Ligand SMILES: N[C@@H](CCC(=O)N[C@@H](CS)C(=O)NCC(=O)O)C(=O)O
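Given next, in structure tokens, is a single chain: the form predicted on its own.
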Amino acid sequence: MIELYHAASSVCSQKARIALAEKGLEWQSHMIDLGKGDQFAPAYLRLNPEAVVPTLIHDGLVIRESSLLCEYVDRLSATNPLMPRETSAEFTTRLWLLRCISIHEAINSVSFATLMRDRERAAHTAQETEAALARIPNPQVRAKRRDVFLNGPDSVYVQGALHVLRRQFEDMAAPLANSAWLTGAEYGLADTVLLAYVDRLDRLGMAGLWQKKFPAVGTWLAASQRRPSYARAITAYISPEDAAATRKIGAAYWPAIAALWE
């Protein structure tokens, strides 16, 4: 039995659900409400001491890092293999899996400096926010979260995020100029692990990050969003009302992000 501890709008949870959907695997869902602090429950912290999602359990094995989790899921079934067999494409994929660590940090910075910042301010007092920050196990993560909440797009973490994203889009656009997917003619694991990150920016109304200079990324995103796995792993967990609210908040921040991008 595959068990997945995940959150509805978490990009890393979305990655895991996309992989499971692409492989057609059955799994048991354990929803973690990040807003309510379920990730800090003692039972969950024993599975994931960093208090993040997703966490996958299979045959007693606990896997925490989302890109590693997606590769593990791919190995569970011979159906629809996602890791390319050709050596060059395989190691291109593995490089993307490694780069997801910095890409995730970039998406996290942009998300928390815009969407999460507005939601936090609307729902909690400064004292309540500080109490929630104090529960984050890693002091470096805690300091970053405090900075983006305080400074929004002016945070140095957002500037660093845009540097990472520019490199990402450049390196995505190059292969997409010649093929439909990142490692060739067939959809693969690299596409799987990057989709949720680009989709988050799209849902924030920040497609301007790629529309002018990297249009191939937009074509790739649209094709990825048409796959059945996208509907099962992302759309099914986000209501139209929440999607509209997310886009509205992102639109308010877009001019500041666009100024930094240019």
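For every residue, the number given is its place in the sequence shown, counted from 1. Bear in mind that the values here come from a model prediction, so they are computed numbers and not experimental data.
The protein also exists as the form predicted together with this ligand; that form is not presented, and the subsequent description refers to it.
Have a look at 212 to 220, 226 to 234, 23 to 31, 59 to 67 and name the one stretch with heavy atoms inside 4.5 Å of this ligand in the predicted complex. Looking at the other structure, the answer is 59 to 67.
Please check if Y187 has a heavy atom lying within 4.5 Å of any heavy atom of this ligand in the predicted complex. No, no contact at 4.5 Å.
Can you work out whether L47 and this ligand are in contact in the predicted complex, taking contact to mean some heavy atom pair no more than 4.5 Å apart? Answer no; every heavy atom of L47 is more than 4.5 Å from this ligand in the predicted complex.
Is it the case that S10, even though its partner is missing from this view, gets within 4.5 Å of this ligand in the predicted complex, heavy atoms only? Heavy-atom contact with this ligand at 4.5 Å: present for S10.
W96: touches this ligand in the predicted complex, heavy atom cutoff 4.5 angstroms: Residue-level check for W96: no, no contact with this ligand.
Check for me: heavy atom within 4.5 Å of this ligand in the predicted complex, for each of Q39, V52 and F112, yes or no. Contact check passed for all of Q39, V52 and F112.
Sequence-ordered list of residues in 127 to 158 near this ligand in the predicted complex, where near means a heavy atom within 4.5 Å: Residue within 4.5 Å: R145, and no other.
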